[in-house]
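Next up is one chain by itself, shown in structure tokens, the form predicted on its own.
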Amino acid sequence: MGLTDGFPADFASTDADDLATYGRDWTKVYAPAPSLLVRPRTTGEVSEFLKRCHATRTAVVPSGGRTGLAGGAVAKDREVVLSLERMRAMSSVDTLALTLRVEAGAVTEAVHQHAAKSGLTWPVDFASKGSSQVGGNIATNAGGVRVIRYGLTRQWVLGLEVVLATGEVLELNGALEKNNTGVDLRQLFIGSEGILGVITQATLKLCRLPEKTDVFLFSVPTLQHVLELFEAARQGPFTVSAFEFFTDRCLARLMRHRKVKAPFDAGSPFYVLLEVEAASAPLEPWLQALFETARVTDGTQAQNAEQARALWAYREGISESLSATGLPHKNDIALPVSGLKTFCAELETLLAGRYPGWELCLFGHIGDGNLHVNIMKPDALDQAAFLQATHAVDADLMALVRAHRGSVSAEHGIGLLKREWLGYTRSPAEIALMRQLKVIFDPHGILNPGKVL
């Protein structure tokens, strides 16, 4: 029996456009070269297909919204791409338990909209929410813009349905809040990047939508002032739900791509977007203190939902704009928050000394120590030479991350692009245990081969 015998006629595709589209993610380092695309509609179809792949030792790359930046969803070596996009069903919201059961292909923003009808939300949120899928979010333990308030994806997943490489289906934890019965296997699959099993359904934990949020955009003179603003926000009369920053170089790229106006008359080296919930006192005294202490040089507060979306667009449009106006080499790293100032200064010095003239665009989630480091390709350098040069940059950057006891990947995972640097954040003993887990769950090594390990 062949891999696709007996499945629906539209189950599989070898169309060149399909293979090119589904064989890549947001990275541009490797050319997609899958042998086949399959799009199951049920867990049963996933199970039967993986059973056949296990028997024939056929490599499979699980695929969600393909919005990752580490090459985790790239199929470059004739693998089969298994897309979950047709599995988008969502149950009704359980307003007593505050839970929602969804299939892995459900789009993040659709989950938000579905839960919002009941005054609830799944508080996993990022710029790619319009195309990212829940299964991919869980498989990468996605972060996003509100980690400082709500934590990572794993905090918001109660139960999982997972298909192993052998085709065996596991139902892990269901909708239980408490289940202290040994090792929690569910957590092994969250953040495992599809190398241990294919997530097909999840029971999500929801919370109430905040009754009121206030959104501010500030211009800030130095990175030290950005950190001081963060400290002041932590002590403010509200709950911080997001604290995002970006540089003037990011803003320039955004304005070039989206043709938006500058937020303030005078430019600034740094900008901070702050979103807060549940102010317990008037905000004016807190805001006045920011200007009196020179932590900020200008600022604006959204007066309605439309203005709030407009302010958020300055931050959420950056990644798209960098790619639209040039070729960025991206890195997603994390540092202890208290060490960000020193790290950024050392990074600027490193690039200026070894790679003069290269443009560095920094943005990220300062509140949780997550920096998005984007080095833009110089116009005079061709792509191949740039990719070769940025590998040397990565060696320097990751050494700097290791020296500061940071993480080589904050929220996009290891995938293909960061395998070389995994040992900079994880110990040899940890990596050895990961390899043992891989053999236990996927003895023939067919699931997302070459990724992470």
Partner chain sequence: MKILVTAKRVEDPESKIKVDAAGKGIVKDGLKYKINPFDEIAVEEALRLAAKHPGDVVAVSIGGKEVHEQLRHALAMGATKAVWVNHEGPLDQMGVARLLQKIVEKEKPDLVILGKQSIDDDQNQVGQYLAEWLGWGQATFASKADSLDSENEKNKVPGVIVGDGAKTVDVIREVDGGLNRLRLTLPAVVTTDLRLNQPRYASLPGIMKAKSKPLEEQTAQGLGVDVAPKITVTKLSMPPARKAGIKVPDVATLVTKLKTEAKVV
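Residue numbers count along the first chain shown, from 1. Just so it is clear, the structure is predicted and the values come from calculations on it, not from any experiment.
There is another form of the same protein, the form predicted in complex with the partner chain; it is not shown, and what comes next is about it.
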Exercise. Closest heavy atom of Phe216 to the partner chain in the predicted bound form, within 4.5 Å or not?
Worked result: yes
Exercise. According to a 4.5 angstroms non-hydrogen atom cut-off, is Trp122 in contact with the partner chain in the predicted bound form?
Worked result: no
Exercise. Wondering, does Phe246 line up within 4.5 Å of the partner chain in the predicted bound form on heavy atoms?
Worked result: no
Problem set entry | Contact test in the predicted bound form: Leu327 vs the partner chain, heavy atoms, 4.5 Å | no
Exercise. Would you say all of Asp298, Glu306 and Arg309 touch the partner chain in the predicted bound form, counting a heavy atom within 4.5 Å as a touch?
Worked result: yes
Seminar exercise, completed: In contact with the partner chain in the predicted bound form (heavy atoms, 4.5 Å), from 195 to 203, 180 to 188, 360 to 368, 259 to 267, is stretch 259 to 267
Seminar exercise, completed: Checked Thr342, Gln288, Thr95, Ser91 for heavy atoms within 4.5 Å of the partner chain in the predicted bound form; positive is Gln288
For this session: Pull the contact list for 323 to 360: residues with a heavy atom within 4.5 Å of the partner chain in the predicted bound form, in sequence order.
Result: none
